[in-house]
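First comes one chain, alone, set out as structure tokens in the form predicted on its own.
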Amino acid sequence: MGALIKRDILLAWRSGGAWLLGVIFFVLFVTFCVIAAGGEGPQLEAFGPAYIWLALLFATLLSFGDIFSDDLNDGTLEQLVLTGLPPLAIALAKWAGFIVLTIGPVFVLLPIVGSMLGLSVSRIAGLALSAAFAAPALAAYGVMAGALMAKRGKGGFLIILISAPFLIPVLIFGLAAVDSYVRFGILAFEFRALAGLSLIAMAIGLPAAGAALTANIE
């Protein structure tokens, strides 16, 4: 499984920067929000966490369709199964790779875009922590949606329809966690809720992805 994660990272690195599309979208979305809000003022700071969280969700949604489609089309998934690697292990490897390649770079940029929006250090810290707690859930639902739609190429709008109902609770608690961190720190209820959502997402999403991969290969 570790070799599969390393392979995905190397392929992404050699892809000519395609893996950066989500990061570019994230930065552009926040930049456009700053421009639309006038570039400064209390309104920008008040809605800053919402802009960043929406940018994070959209950036990850853009990458869901790429998780399995290429490997399924070129026969890589079938070869992995033939070597004895369980589909659940493949899904778990893709889950870890998605966190590293898609969510990781966005996470690194959070302090920069938070400063662009005029957020305080404590609110930026709350944003970073809420994103970290939510990352396993975002990746798990992405892997599930990508596996379900792998035979449809990139999946398109169907991936959004499948993922959105699962991502809405993550968005709600992720936003609430930012302000709660300022008042209560990391012990705030919202962080526990995000941790629970991530565990539920992994328990549901990864086995579902494994089952979908089995059906796609057969």
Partner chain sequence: MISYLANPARFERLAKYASPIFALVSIVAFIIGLYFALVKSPPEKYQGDAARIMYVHVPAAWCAMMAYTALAAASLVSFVWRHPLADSAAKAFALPGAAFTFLALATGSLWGKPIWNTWWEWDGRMTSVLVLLFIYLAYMALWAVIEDKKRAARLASIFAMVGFINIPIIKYSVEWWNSLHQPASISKLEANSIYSGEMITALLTMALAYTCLFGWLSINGIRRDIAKAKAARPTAPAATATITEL
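Numbering follows the first chain given and starts at 1. Predicted model only: the values in this text are computed from it and were never measured.
The form predicted together with the partner chain is left out here; the points below concern that form.
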Note to self: Can you work out whether residue 137 and the partner chain are in contact in the model of the complex, taking contact to mean some heavy atom pair no more than 4.5 Å apart?
What the structure shows: no
- Could you confirm whether residue 208 comes within 4.5 Å of the partner chain in the model of the complex, counting heavy atoms only? yes
Does residue 38 make contact with the partner chain in the model of the complex, using a 4.5 Å heavy atom cut-off? no
(message) Within 4.5 Å, heavy atoms only: does residue 149 come near the partner chain in the model of the complex?
(response) yes
Assert contact_stretch over 162-170, 30-38, 180-188, 46-54 against the partner chain in the model of the complex, heavy atom within 4.5 Å, equals 162-170
Of 144, 103, 119, 127, the only residue with a heavy atom within 4.5 Å of the partner chain in the model of the complex is 144
Decide if the three candidate residues 204, 212 and 215 all line the partner chain in the model of the complex, where lining means a heavy atom within 4.5 Å.
yes
